[in-house]
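Quick heads-up: it's one chain on its own, the form predicted alone, in structure tokens.
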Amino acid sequence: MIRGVIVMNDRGKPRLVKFYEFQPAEKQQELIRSIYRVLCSRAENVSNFVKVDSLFGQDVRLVYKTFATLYFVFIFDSSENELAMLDLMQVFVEALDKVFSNVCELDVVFNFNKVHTILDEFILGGQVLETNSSEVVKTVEEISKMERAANSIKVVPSIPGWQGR
């Protein structure tokens, strides 16, 4: 099961945080700081897989990847495959790139609802739903069309004689 997804910048400021098991806000902040310390202390030539038993309990691992100024972090237990999580992370970033045309930190900050929607199309309740970025992008575009249609204002024509009553 996937325990959480975190996207943070290279200064440790979280831009997307989604835990699939309840964590109080204080604990979330503590976990994010601890994860950031772990990531910053790692050399660039080491593996992207980290055992984080001390933070999350037994058999919990973390996989991360840096894209531009953002760290993408997936936290998961032993029931998930490390390489599959790395691939899922890559597909998630590909979907973000397709939706935002070369995603950057500001896209994540100013379009957090859309980023959460994209993530929810991939992972729901800690379980992987979809692994095809094209399918997710198509679904997100359909959701965006429905939102635009719901937000558009339609003028209702007046009924003759109604105003006199």
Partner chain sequence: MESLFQRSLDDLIKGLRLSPPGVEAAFIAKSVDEIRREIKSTDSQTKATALQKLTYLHSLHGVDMSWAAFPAVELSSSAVHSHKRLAFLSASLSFNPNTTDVILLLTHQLRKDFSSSNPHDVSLALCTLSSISTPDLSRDLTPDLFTLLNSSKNFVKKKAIAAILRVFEQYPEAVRVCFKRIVENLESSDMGVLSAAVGLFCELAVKEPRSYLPLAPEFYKILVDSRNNWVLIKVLKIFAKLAPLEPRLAKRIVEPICEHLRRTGAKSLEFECVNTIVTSLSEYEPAVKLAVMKIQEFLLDNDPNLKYLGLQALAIVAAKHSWAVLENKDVVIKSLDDVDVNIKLEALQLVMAMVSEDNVAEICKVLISYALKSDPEFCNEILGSILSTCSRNFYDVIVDFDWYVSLLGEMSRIPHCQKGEEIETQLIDIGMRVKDVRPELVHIARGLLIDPALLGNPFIRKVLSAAAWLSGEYVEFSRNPLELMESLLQPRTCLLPPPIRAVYIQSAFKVLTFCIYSFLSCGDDTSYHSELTDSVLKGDFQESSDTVTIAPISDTDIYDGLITRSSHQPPKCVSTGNGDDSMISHEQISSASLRKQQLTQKSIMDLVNLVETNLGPLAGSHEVEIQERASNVLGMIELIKPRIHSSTDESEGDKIKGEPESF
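None of these values were measured; they are calculated from a predicted model. Residue numbers count along the first chain shown, from 1.
Below: the form predicted in complex with the partner chain, not depicted.
- Message: Using a 4.5 angstroms cut-off on non-hydrogen atoms, would residue 149 count as touching the partner chain in the model of the complex?
- Response: Result no; residue 149 lies far from the partner chain in the model of the complex.
- Message: Please tell me whether any heavy atom belonging to residue 88 falls inside 4.5 Å of a heavy atom of the partner chain, as the geometry stands in the model of the complex.
- Response: Taking the distances in the model of the complex, the answer for residue 88 is yes, it comes within 4.5 Å of the partner chain.
- Query: With the partner left out of view, is residue 47 within 4.5 angstroms of the partner chain in the model of the complex by any non-hydrogen atom?
  - Reply: Yes, residue 47 sits close enough to the partner chain in the model of the complex that at least one of its heavy atoms falls within 4.5 Å.
- Message: Since only the chain is shown here, I'm wondering whether residue 145 would be in contact with the partner chain in the model of the complex (any heavy atom pair within 4.5 Å).
- Response: Residue-level check for residue 145: no, no contact with the partner chain.
- Task: Just give me the residues of 116 to 147, first to last, that have a heavy atom within 4.5 Å of the partner chain in the model of the complex.
- Result: Heavy-atom contacts to the partner chain in the model of the complex: 116, 117, 120, 121, 124, 125, 127, 128, 129, 130, 131, 139, 142, 143, 146, 147.
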